[in-house]
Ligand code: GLC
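Only one chain comes next, encoded as structure tokens, the form predicted alone.
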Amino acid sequence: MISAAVEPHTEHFNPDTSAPVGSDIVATSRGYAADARQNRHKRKVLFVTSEIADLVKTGGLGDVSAALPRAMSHLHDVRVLIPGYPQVMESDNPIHVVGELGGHAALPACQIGRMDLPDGLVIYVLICPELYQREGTPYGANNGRDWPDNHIRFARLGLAAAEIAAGEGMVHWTPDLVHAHDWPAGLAPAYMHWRGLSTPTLFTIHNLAYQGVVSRACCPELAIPEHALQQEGMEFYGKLSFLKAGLAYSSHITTVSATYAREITTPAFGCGLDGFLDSKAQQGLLSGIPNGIDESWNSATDSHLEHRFGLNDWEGKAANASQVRELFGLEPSTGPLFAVVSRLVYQKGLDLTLGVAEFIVEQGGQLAIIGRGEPEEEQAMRELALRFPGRIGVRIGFNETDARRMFAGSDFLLMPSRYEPCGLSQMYAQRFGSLPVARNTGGLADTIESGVTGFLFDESTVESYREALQRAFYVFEKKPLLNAMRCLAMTQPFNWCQAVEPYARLYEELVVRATSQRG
């Protein structure tokens, strides 16, 4: 629901007086003024993202975008900027138009709406129906194909962030720092740099493989200056990379685990940017800060679970397992239940799971798979379920309740990722007593203690994977050992409070440094 009682260009009000404008807008403006007084001692941070789990989510970025601003709220005034997709515009949260931005090159004019979530998180919504009011995911149609004008759609997001940072659009709130996330927000630091803004920027890589690469012919549409078409700018092997723009023009770069921060400076994981990132690391401009998970991941209190359970309540966990078996059409069994909760893409090593599926079934195990992604991967999962009816079940799509019940009911979670910047599923699983069987890479290496809270394997091969599964089957038969590992996994300190302090310190350092440079 959008409030349009007052046109954005006439929205000049003094919140400390009774200006004669629409009563609903007066109430809103007074609330904003009180909000400003309450937050005046906090740093103001604009969080630029393409998804947030409250409204629209395709993966871990949505979870982080929902959790980190909330976890930071006691330290800083963090507000989120997101495009006005249908899922955002049609939510039950009212949207008040608070600003208006003009067009630039091929980037259309748009409005800025403010959405206040019930817990106080402020969302700025980029309202531009011609770009964002489409059925599908944030990035493409329901057939899995990307929108051909994504370069326009997400350049508009980056430019809006820069305009808000410049105090344009009459939003009445100007950030001290802009924190941009992944390639869809990569042009935010770039547009800020090209406009000569001194506001510091932080750019976070959630997955280096997705880079937003476009033709150099897009430069006029996006108003990209010629001097940006250099190796030290956003040039990428004769094309342009939105992600590289974020890397090149931000004040500092983070990624979502310490191991991944090291890995991406090497040719094996650097996706063609390893030299560029290694240079940033040598300058002290690249950090690894692990993600966390929110407090809702508690098997004793989670409202998604019909059968809640705590430490050592293995009957409660078994009740969840029975529910998962029924949901996926699996036969009753006393053997181990394995789960895959994942985007169905090559990165996740699903072809390796196809390679070990028969071994799992032969050893008495069952497998439940949920996710959506590339059409080829989805079809491969369907065919796998047809090969092993009653032993392997597949649901194409994603449902938060089903996913949580799978974590709660499974004995083991499979994550044979070829690379994994951070990963959240392995943390969710451990918190619910499901032991991950995962590749020893990125955030998986940082959050799983092999033989203690899960099982790691080194090589992206069926043989290495099968060896880890053999260890899992062995532990499953040794119930005291299995339950001890479950207890250790369920008590791991993965909460966001572990990640907030490094971000808070970094925010403060960047703002102080920028202030001293201006002075």
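Just so you know, these numbers come straight off a predicted model, no measurement behind them. The first residue of the sequence shown is number 1, and the count goes up from there.
The form predicted in complex with this ligand is left out here; the points below concern that form.
For this session: Tell me, out of Arg79, Lys280, His151, Arg343, which residue has a non-hydrogen atom within 4.5 angstroms of this ligand in the model of the complex.
Result: The option sitting close enough to the partner is Arg343.
For this session: Name the residue from Gln430, Thr353, Asn320, Asn291 that puts a heavy atom within 4.5 Å of this ligand in the model of the complex.
Result: Partner contact (heavy atom, 4.5 Å) among the options: Asn291.
Problem set entry | Proximity of His206 to this ligand in the model of the complex, heavy atoms at 4.5 Å | Heavy-atom contact with this ligand at 4.5 Å: present for His206.
Exercise. With the partner left out of view, is Leu330 within 4.5 angstroms of this ligand in the model of the complex by any non-hydrogen atom?
Worked result: No, Leu330 stays farther than 4.5 Å from this ligand in the model of the complex.
Exercise. Does at least one non-hydrogen atom of Cys422 fall within 4.5 angstroms of this ligand in the model of the complex?
Worked result: Close contact exists here: in the model of the complex, Cys422 approaches this ligand to within 4.5 Å, heavy atoms only.
Exercise. So in the model of the complex, does any heavy atom of Val256 sit within 4.5 Å of this ligand?
Worked result: Yes.
For this session: Could you tell me which of 53 to 61, 484 to 492, 448 to 456, 462 to 470 sits within 4.5 Å of this ligand in the model of the complex, going by non-hydrogen atoms?
Result: Of the options, only 53 to 61 has residues within 4.5 Å of the partner.
For this session: Within 4.5 Å of this ligand in the model of the complex, which residues of 341 to 357 have a heavy atom? Give them in sequence order, or say none.
Result: Result: Arg343, Gln347, Lys348.
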